[in-house]
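There is one chain below, alone, in structure tokens, taken in the form predicted on its own.
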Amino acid sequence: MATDVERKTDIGPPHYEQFLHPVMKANYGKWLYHDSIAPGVLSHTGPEGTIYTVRAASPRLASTNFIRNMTKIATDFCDGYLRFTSRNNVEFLTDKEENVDKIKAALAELKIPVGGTNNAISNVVHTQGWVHCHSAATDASGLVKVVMDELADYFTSENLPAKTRLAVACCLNMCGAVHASDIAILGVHRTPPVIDHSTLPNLCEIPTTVASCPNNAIKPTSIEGKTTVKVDEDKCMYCGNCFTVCPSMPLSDPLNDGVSIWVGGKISNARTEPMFTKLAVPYLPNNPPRWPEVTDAVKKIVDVYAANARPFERLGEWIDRISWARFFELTGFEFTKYHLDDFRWAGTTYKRSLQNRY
């Protein structure tokens, strides 16, 4: 076996260091300070110079033309350097301050907004939706488009009390950061899978199908002498795991699938411990292509939060301060039985401190 550390292979990704801007690489670990120049424009300074960042919006599921446009801007003004953030923003990196306005002008010509920094809404992290996912209850890409059409002013300005992170997941398997975002849109199934007993014995392995259910709701059974499965509907939580391993158990239901909205998640522990989202709206209908009910609800949450929270207060921190009762009062959302945490193991998720706030 070769022992040369410089050996080139096709195993694993290339080292990230070779993609760093020269100024970034020279200042690595030695940064002195950074400034916010304008919404979407940052500068970072170290002993080896200053690098400027221009953050632009991205659709995430990007077309070839979009990628070509982004790389052309990077080639023309950034010596070919750009990066995609974890929330799918495009960031152009340049060490020439005079190129910042040129980058912004080039993006404006393509009608791509600049923003998403500091106390603003960043790009929405989301899952595949109807474009790709086999268990989607709603369309992630379409929802992100219409929601950000409504919230674009909160992306291009920095007028919110604190940074606000949005996420969309097309089912409760949550491939997106739905549990840890300030506002999350989650597709929900509301009916159990429909079993095609005529094809299941030939398409699905019974032990694997039974084992796929996290709630033990699937049991083997026999119909007309053929081994198949049955579903205990009281235990089913509509996750779609069974359909993943067994194509004869489709879950999608155009009439009953819909959208729920969750609020209050964050990873930061700046003022409070990290927080998971909690249910705000249990169900809204799927009404593509504009999803008016969903966009209205999300816009309402952001507007109320912007008008009432204190500076630097994240959405979940604001709700904890004013109480959930006040949150429902301000937003006008109905409090229903679905907001009660009646999960079998709910006791492990309750905030069991004696210092309850009402």
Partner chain sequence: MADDLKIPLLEELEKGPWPSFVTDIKSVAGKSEMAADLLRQLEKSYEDKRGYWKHGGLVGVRGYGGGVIGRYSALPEEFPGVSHFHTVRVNQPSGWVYTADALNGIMDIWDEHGSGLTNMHGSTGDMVLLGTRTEELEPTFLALTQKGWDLGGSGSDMRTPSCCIGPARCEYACFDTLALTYNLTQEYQDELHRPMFNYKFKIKVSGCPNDCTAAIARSDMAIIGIWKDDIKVNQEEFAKYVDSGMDVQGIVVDMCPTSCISVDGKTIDIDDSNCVKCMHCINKMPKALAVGDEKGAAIALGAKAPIVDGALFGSIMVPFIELEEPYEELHDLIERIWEFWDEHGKARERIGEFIERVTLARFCEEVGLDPIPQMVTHPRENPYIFYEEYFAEEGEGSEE
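Numbering follows the first chain given and starts at 1. These numbers were taken from a predicted model, which means no experiment stands behind them. Rigid core here is just the name for the largest C-alpha set that superposes within 1.5 Å across the two forms.
If you look for the form predicted in complex with its partner chain, you will not find it shown, but the lines that follow are about it.
At a distance threshold of 4.5 angstroms between non-hydrogen atoms, residue 306 is out of contact with its partner chain in the predicted bound form. The shortest heavy atom separation between residue 104 and its partner chain in the predicted bound form exceeds 4.5 Å. Its partner chain in the predicted bound form is approached by residue 274, whose closest heavy atom lies within 4.5 angstroms of it. Not displayed here, its partner chain is approached by residue 27 to within 4.5 Å at the level of heavy atoms in the predicted bound form. Every member of the trio 142, 155 and 270 reaches its partner chain in the predicted bound form with some non-hydrogen atom inside 4.5 Å. Scanning 85, 199, 159, 191 against its partner chain in the predicted bound form with a 4.5 Å heavy atom cut-off leaves one residue, 85. For the candidate set 108, 245, 206, 223, a heavy atom within 4.5 Å of its partner chain in the predicted bound form is found for exactly one residue, namely 245. In short, of 96-104, 110-118, 228-236, 191-199 it is 110-118 that has heavy atoms within 4.5 Å of its partner chain in the predicted bound form.
Using a 4.5 Å cut-off on any heavy atom, the residues of 147-176 that reach its partner chain in the predicted bound form are, in sequence order, 148, 149, 152, 155, 172, 173, 174, 175, 176.
Annotation for residue 213: C-alpha shift of 2 angstroms or more between this form and the one not shown, rigid core superposed. Core-superposed comparison between this form and the one not shown: the C-alpha position of residue 194 differs by less than 2 Å.
Core-superposed comparison between this form and the one not shown: the Cα of residue 203 travels 2 Å or more.
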